[in-house]
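Just the one chain here, laid out as structure tokens, in the form predicted on its own.
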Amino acid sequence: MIPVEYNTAVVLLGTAALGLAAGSTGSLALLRGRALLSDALAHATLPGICLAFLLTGSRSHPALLLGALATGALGVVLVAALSRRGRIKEDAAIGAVLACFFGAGIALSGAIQRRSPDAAQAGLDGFLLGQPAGMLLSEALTIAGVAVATLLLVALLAKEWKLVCFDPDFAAIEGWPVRLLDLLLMLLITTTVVLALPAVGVVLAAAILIIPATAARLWVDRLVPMLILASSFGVLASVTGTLLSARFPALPTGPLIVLAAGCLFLISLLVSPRRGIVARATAERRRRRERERRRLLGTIFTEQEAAPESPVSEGALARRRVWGPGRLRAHLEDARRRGWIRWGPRGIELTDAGRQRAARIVRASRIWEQYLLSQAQIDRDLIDLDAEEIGHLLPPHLVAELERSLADRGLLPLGSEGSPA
């Protein structure tokens, strides 16, 4: 085991507890659309810290954090008032409150630093980027206690959070106290942001809430797994940043925690199985290849249907200008390996399996075309004319009606599913 000094162990306890609370609270803030509000709230705490020092003359963390809590709550109230009762959108209200409060905090901080030599040693600048190295055991235990209380509250109201986050209108119609739950969420965000100030500071407090939650969102679709994963990411980022800062004392802990969380987000963005860049690129490449396979089979079937006695050659397929010579050869070889075509003495021929699939493809394509021509009530961009299955968008009775219309004109491929063989 790697030996950990007492001070590092205290900081680890505090930052790990912070990451635990920030992950769960940040998940709710992200799903409820309050991510930007958490940033405004973090910046709104700076003038409260300065005012608390001016009023008490004390560097006591409880007094400074109470001041931060007061002005942070005031910032939330102002944003809500401006966006609900005025003609200002919420993002504009958040931007205005963030800028004004942070500007006031910087001005007060500068005035305090110039006030006297004693005031210059107040250490208020540590609240900008965090200064967890001076964290006491009592402060770390306080953060841990609040983190546990936050998790219990989130777990107790998990069902209510789920409803409010994903369908607030339905929740309001059903009589759920949406405003009260929103107010409680704001209280959780405010508390977590205030707890984060000694560790990551005003500037980065919102990052420790939002980045782990965003990374977790890339992996899961349900609320409870997201809460668990985001909290785990928060703890992992906090522990990693703290240990790196202990190993390299010249590097500040708060920014390292945020950078560790950012690395987790980048990894999630790349390799998450459903929303990751690699997975989406792979799925898109697979869909593109499958579309090309369907198009090739449909084209060969159409050529044979138009001239049953004439062979289908590569030249005839190339003249359609759908594929270049190299791509056409690669698609034909792929279809041959899959047992859909063969090269006969008269040219390219469909096997029995290839003919059955090609008939389904052509059938679906012609039904879609007939639908678009006769009674389209759906955006053409939502339709894949190369798709084999169409029942997921059109009801069975409509498919049957379109099939009859095509069969009456002799346009429905024989042997395809749903048509007379």
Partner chain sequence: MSLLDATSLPVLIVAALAASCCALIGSFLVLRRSALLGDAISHGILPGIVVGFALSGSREIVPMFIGALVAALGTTLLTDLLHRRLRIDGDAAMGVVFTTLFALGVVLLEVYAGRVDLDPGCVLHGQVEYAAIDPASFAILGWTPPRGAVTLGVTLLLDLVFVLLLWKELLITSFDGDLAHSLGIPPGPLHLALMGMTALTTVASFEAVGSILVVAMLIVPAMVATLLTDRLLGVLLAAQGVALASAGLGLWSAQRLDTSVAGMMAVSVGGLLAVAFLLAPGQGWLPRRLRRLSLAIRIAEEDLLGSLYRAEERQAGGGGIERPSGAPPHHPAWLRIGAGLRLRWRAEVVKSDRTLTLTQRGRGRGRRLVRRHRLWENYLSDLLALPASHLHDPAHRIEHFLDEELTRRIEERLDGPERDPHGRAIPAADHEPGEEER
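Here the structure is a predicted model, which is why all the values come from computation and not from measurement. Residue numbers count along the first chain shown, from 1.
This protein has a second form, the form predicted in complex with the partner chain, left out of what is shown; the following refers to that one.
Judged by heavy atoms within 4.5 Å of the partner chain in the model of the complex, the contact stretch among the candidates 296 to 304, 156 to 164, 228 to 236, 103 to 111 is 103 to 111. Taking the partner from elsewhere, every residue among 115, 210 and 214 has a non-hydrogen atom within 4.5 angstroms of the partner chain in the model of the complex. Put simply, of 328, 92, 243, 141 only one has a heavy atom within 4.5 Å of the partner chain in the model of the complex, and it is 92.
With the partner removed from view, the residue among 203, 318, 220, 74 that has a non-hydrogen atom within 4.5 Å of the partner chain in the model of the complex turns out to be 203. Contact check for residue 171: every heavy atom lies farther than 4.5 Å from the partner chain in the model of the complex. The partner chain in the model of the complex is not approached by residue 194, whose heavy atoms all lie more than 4.5 angstroms from it. None of the heavy atoms of residue 347 is located within 4.5 Å of the partner chain in the model of the complex. Among residues of the shown chain, residue 372 is not one whose heavy atoms approach the partner chain to within 4.5 Å in the model of the complex.
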